Ligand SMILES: NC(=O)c1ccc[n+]([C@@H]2O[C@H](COP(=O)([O-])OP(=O)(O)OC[C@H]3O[C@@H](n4cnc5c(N)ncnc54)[C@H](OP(=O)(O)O)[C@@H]3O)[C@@H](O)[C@H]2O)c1
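One chain is shown next in structure tokens, namely the form predicted on its own.
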Amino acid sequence: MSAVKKPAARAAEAAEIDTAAEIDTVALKSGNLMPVLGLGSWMLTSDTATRVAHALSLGYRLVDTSGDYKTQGGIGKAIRATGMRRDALYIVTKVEEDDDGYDATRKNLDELNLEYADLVLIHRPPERGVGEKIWEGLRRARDEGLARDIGVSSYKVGQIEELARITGETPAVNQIEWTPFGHSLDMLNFCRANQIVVQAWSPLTRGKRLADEKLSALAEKYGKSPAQIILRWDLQHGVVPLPKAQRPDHQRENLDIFDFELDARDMAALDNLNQHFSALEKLDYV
């Protein structure tokens, strides 16, 4: 059984993502590499194929989806339209908390028209238990080559510990809502101590906090947009952000975060904006 470790270092001191490259990758505990920035597709249901194809043409290589997003068919069309090699892409999908993990993975792949997903997550913890039966289905999917890595979403530290205790395996990823206004460095430190990469859904607060005065001041200082400041903060914490962007200019803007670095004082100032804010009014993992 893999032991769950307690964090030994502050998150800011242990960031594992090297952002010197144009778009770098982070290694999961399996050794598989994941891009450090992706495209979220929740509510990207209008002309999905065209929007995703444009993002891929700009350089996005990670696309995040789920069976309940209603975007998987469009994402599959975009991949086929671009003619990109499958191994050049990183596709994340999710199964629901009341699904059979194996069957739902196969269904998602059918919708995507893909032979495998790079990462399959349990979308959220079930009301009872920690999803150990779903997890066994995901392990079977991985064993059969339908998924390269498996993980969870919106799990608390205790739920990850319990899943590891029951199944003998920690997830490769925990995808959570994560912004300067709502986050937990304790969670980040725990994940890093256990080789769990944190992905951030709705990293831009769904637009609700982008006009914050302190965030705007930092944007002016660095000559960047508030969204770019937040995404850069993610990278420097070793978090993989998954911003949704429908407009081509926003897609391009979100990629333009690899040519500057926030200094330590400004990273701390962003950390201190934390109010456990959630765009959905509940930060599930805190």
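Source: prediction; values computed, not measured. A residue's number is simply how far along the shown sequence it sits, counting from 1.
Omitted from view is the form predicted together with this ligand, to which the following refers.
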query: Contact label in the predicted bound form: G238 to this ligand, heavy atom within 4.5 Å; finding: no
query: F258, heavy atom within 4.5 angstroms of this ligand in the predicted bound form; finding: no
query: D234, heavy atom within 4.5 angstroms of this ligand in the predicted bound form; finding: no
query: Proximity of L185 to this ligand in the predicted bound form, heavy atoms at 4.5 Å; finding: no
query: Which of 107 to 115, 196 to 204, 142 to 150, 79 to 87 lines the interface with this ligand in the predicted bound form (heavy atom within 4.5 Å); finding: 196 to 204
query: Contact assignment for this ligand in the predicted bound form, among A53, L28, L218, A227, heavy atom within 4.5 Å; finding: A227
query: In the predicted bound form, residues of 26 to 56 near this ligand [heavy atom within 4.5 Å]; finding: G40, S41, W42
